[in-house]
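First, one chain by itself: the form predicted alone, in structure tokens.
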């Protein structure tokens, strides 16, 4: 059995996820399972989409085909990608940085390809719906073990667009990271791995709204309602949270925004 996962910003109430799944089921032989990771990525939010894929998809079995469609550049000159990872998984989606954090989690890119968009299916490709017309049929072809060079052209991984947010900076006097994701509780997950951060017990969080005092905890229950805390997220990253509140609202933060952490004086 091969698994194909779908992560998009199409919305759960739209017909677009169903169209993608219809194409996969129509083209795939028996035994292919389609799993929805989510279709609730905020519209056109490549940063949030890359987080969802990077933290959810590695939990699937080795050899899964992961399709990501958060694609503001659909129909432009941006490339449609197929990436083979060191772990043995296949990633399919647009060349806008969406797939790169997941590829890193899966051991890095072994081989990269540009999908030949007009050849991957036997019907006319829409300029606005490559999820259905390019990525879904490419996922089936990958899932059944077809050689990518039958419908793709090789690329150097160095040619790909970079990650959607910059790498964090860790200095003795300050840590600079970026917001990678805001969850439904308003918790702010940064792109800084907890082990690299090692924040002090008391610290200042600097954002565009000013400086905010926070303290390091292990669980939300160690602080009082309304307290701003810093802790290790379930994905192993530095998280900012307000106990029984929203850190995103308190700090005025959205995916992609910079955050600085400084020791208190």
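All figures in this text were calculated on a predicted structure; none of them were measured in a lab. Residue numbers count along the first chain shown, from 1.
Heads up, the form predicted in complex with a further copy of the same chain isn't pictured, but that's what we're talking about next.
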{"item": "Option from 109-117, 131-139, 157-165, 170-178 whose residues, in the predicted complex, bring a heavy atom within 4.5 Å of a further copy of the same chain", "value": "131-139"}
{"item": "Residue 37: touches a further copy of the same chain in the predicted complex, heavy atom cutoff 4.5 angstroms", "value": "yes"}
{"item": "Residue contact check: residue 56 to a further copy of the same chain in the predicted complex, 4.5 Å heavy atom", "value": "yes"}
{"item": "4.5 angstroms heavy atom contact with a further copy of the same chain in the predicted complex for residue 194", "value": "no"}
{"item": "Contact test in the predicted complex: residue 33 vs a further copy of the same chain, heavy atoms, 4.5 Å", "value": "yes"}
{"item": "One residue of 104, 183, 153, 146 in contact with a further copy of the same chain, assessed in the predicted complex (non-hydrogen atom, 4.5 angstroms)", "value": "183"}
{"item": "Members of 11-30 lying within 4.5 angstroms of a further copy of the same chain, judged by heavy atom, in the predicted complex", "value": "11, 12, 13, 14, 15, 16, 18, 19, 21, 22, 23, 25, 26"}
